[in-house]
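Just the one chain here, laid out as structure tokens, in the form predicted alone.
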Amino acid sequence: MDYLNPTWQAQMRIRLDINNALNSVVDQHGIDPNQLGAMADAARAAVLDIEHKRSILGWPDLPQQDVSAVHAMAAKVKHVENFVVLGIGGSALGNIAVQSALNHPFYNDLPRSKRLAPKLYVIDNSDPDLNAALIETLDPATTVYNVISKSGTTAETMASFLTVRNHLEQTLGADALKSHIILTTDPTSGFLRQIGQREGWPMLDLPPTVGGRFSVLSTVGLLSAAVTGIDIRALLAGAAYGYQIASNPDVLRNPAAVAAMVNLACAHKGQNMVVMMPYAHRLRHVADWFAQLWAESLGKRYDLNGTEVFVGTTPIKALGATDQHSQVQLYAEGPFDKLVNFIAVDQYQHTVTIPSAYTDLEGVSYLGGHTFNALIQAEQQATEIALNDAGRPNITHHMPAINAFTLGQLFMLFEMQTAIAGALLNINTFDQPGVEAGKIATYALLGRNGFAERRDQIAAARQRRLSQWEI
């Protein structure tokens, strides 16, 4: 594919269909198109402001970055058997989403002759069983670890790092560490940068202005992608194309702006839950990535004026067709509090025909001769129809195909949609004080220096409990 060819790019453009969120389709629970017109000026101002601040924000400029250092680092570890990312949140979810979307669904289970690149593991939890199993399972001699933390204070990541470091030192010796550990961190400051400089380990710079949940297209997500053979230049070309579309000041022709306005208009009508439901197994982890992006960016107590507003809509991840059999009953007949976002795929990588058998059994034989492609597309359309008939608003993002270009485009469209929605809500889209509060409490509970006052506050609060109800 020629991902720089404008004709091909136009064929790969992701399309947004919002018709099923309008009151002409789903009656009183839908939105009036005039609502979008009323929000258009504010949305246009948001788009122009993002463009004006793009170098400050950092993530809109990621498609233009030089990736030579990423490719060089990836080339050094292509020979190993296992590549392990140690990170959490934005330092993990994007890596997982890219890998599962663009590589074989059973990538790690393929023989090396078919894989041609290391297996990829992402450790994003402080669960002791998970971390113990990592040490028990992977041969340290054939494993390289990529530790990702901007500050080097992320408790979960640094705990995994200390465990891995100790294991490598005990089994391979201290001199081997520099061949088995790569750090991705702030270019000038932070504890992980200090460790890398002290040890002389290889490091990649993490763009200092780019927040974790917006970092999938930075060194955070690109190294693991390049290591496993993904075309990261095509990924960034798709993101550049997505930004071109999403920065259109004609916001009623801008899918990121329209999606942001539809989400907020639906929230105003009480649909304060956002279901992300791709109809492709490969995109299941994109829903996870979106959930962090949307929740952490838009769930805020204060607006930019310091007024308590308690805004935000709750993202819910689902997978078609799997969750037709576990969640759609609630969406169709439960509370009118959800906007369903479908991701539909026009062309899957494979076309698989369902064989014919049991021709005398009508409930089975009708499937014969159809393709799995037609089946999953019919299931998406059927869910859409069921929601429409039940008066439940839904919108659809149509992906022509799943490839590096369209995935990069999808990431950028969702990032722009989120940034525009934050501007419309008049909040700081790019901070996360609620997350920081949890981090501070963790530091206090574990006795980190400088957090004694918070530790005392927590102890006092526990003492003030009038009763405990534990069964």
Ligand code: PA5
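What you are looking at is a predicted structure, and each value in this text was computed from that prediction instead of being measured. So that there is no doubt, residue numbering starts at 1 and follows the sequence shown.
Note that the form predicted in complex with the named molecule isn't included here; everything after this is about it.
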property: Among 173-181, 325-333, 76-84, 142-150, the region lying within 4.5 Å of the named molecule in the predicted complex by heavy atom distance; result: 142-150
property: Contact of Ala69 with the named molecule in the predicted complex (heavy atom, 4.5 Å); result: no
property: Interface membership of Lys439, the named molecule in the predicted complex, 4.5 Å heavy atom rule; result: yes
property: Non-hydrogen atom contact Gly90 with the named molecule in the predicted complex at 4.5 angstroms; result: yes
property: is_contact(Pro393, the named molecule) in the predicted complex, heavy atom dist at most 4.5 Å; result: no
property: The unique member of Pro255, Gly212, Pro118, Gly312 whose heavy atoms fall within 4.5 Å of the named molecule in the predicted complex; result: Gly212
property: Sole residue of Gln292, Asn272, Asn131, Ser100 within 4.5 Å of the named molecule in the predicted complex, by heavy atom; result: Gln292
property: Neighbours of the named molecule in the predicted complex among 406-439 [non-hydrogen atom within 4.5 angstroms]; result: Gln432, Val435, Lys439
